[in-house]
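Quick setup: one chain, the form predicted on its own, written in structure tokens, and binding and motion questions come after.
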């Protein structure tokens, strides 16, 4: 493989690291924040299941980003991913849980503006709608789970030590499920912009199954996410786990489960097919914000308890970060594309000034064509 291709992919790996340092921390943030699970244990489990979710179930949610704007040159994909990563990194430095979904959407719109590509309004509206629905749905699920869990515990009346052991196990299992859902839902944010110009080719492993080009990209991105979790996620875990409002261990479990279910709902191709086959309205396969889901779940429980212990200043800072992130990513992307094209003489979109066209080389799905620069 050409070394320049590997260099272009580094921005996607950087974005994966940033997601691991920020969004992936939300899966175990409440468990670590309540001191029920050690950070090292949480980070290890999170890394393993993020990789599994990304490779096996990551294709569904990535398609919507491809419709929003199919970046058709590796240099353009590099700039978009780097811009999103920088925006997330800045928010991570501030200790704020922000959305890589918002960052990559802002970067894609910046690329669309620079290249003269029309932004698909339907896809944009669908994504923006999920930004509102995601925390609200997480809050509703968290409220229901909290009431159900409280009712069960009041009937069972476990010994204090048994309750503690069950809660720790529940947090581990919920975290593993949440990590899988996160990998399936958010890997499109990390490597989705590289899919139309993927440098890889499909190949068979021992004649048993095909390891697709998209899965190879997603595996690289998932490994980068894991590195981010292991190296830099602890500070954001503590913000989510204890700074919005104090959480009990049982409440922490409810938050993780509500967050995980929301991510799974927006990533499951099987669930979408089931709903459509039974004539029911389907849930859009869209990368949603892990941060928004977990904050929504925490806020839902807080409101259920009267809202007296909510730290509104922290919540306001998180909300401001959500609004600023896509704007930073979009502006940085637009300016960086200008320099990449005019200073470094790289083709940042197909048919750019004085550049060769791209060649269609195959398909990973009916929605996302693979292209490779000539």
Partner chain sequence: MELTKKISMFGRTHALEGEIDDFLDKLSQCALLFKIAIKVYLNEGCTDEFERKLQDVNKMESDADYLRRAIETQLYAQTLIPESRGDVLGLIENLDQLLNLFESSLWAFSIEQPDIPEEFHNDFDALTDMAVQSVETLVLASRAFFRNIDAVSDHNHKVMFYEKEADKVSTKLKKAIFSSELDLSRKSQLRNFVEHIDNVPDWAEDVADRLAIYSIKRTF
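Remember, it's a predicted structure, so these values are computed and weren't measured experimentally. Positions refer to the first chain, counted from 1.
The same protein has a further form, the form predicted in complex with its partner chain, not shown here; the description that follows concerns it.
- Annotated contact segment (heavy atom within 4.5 Å of its partner chain in the model of the complex): 35-43, selected among 331-339, 35-43, 66-74, 49-57.
- Remark: residue 311 does not count among the residues lining its partner chain in the model of the complex, judged by a heavy atom distance of 4.5 Å or less.
- In the model of the complex, its partner chain sits beyond 4.5 Å of every heavy atom of residue 234.
- A residue is said to contact a partner when one of its heavy atoms sits within 4.5 Å of a partner heavy atom; residue 174 fails this definition for its partner chain in the model of the complex, lying far away.
- Residue contact check for residue 150: one or more of its heavy atoms lie within 4.5 Å of its partner chain in the model of the complex.
- The listed set 296, 199, 196, 249 contains one residue whose heavy atoms approach its partner chain in the model of the complex to within 4.5 Å, identified as 249.
- A heavy atom within 4.5 Å of its partner chain in the model of the complex is found for exactly one of 160, 132, 205, 125: 160.
- Interface residues of 291-306, taken as those with a heavy atom within 4.5 Å of its partner chain in the model of the complex (partner not displayed), are limited to 305.
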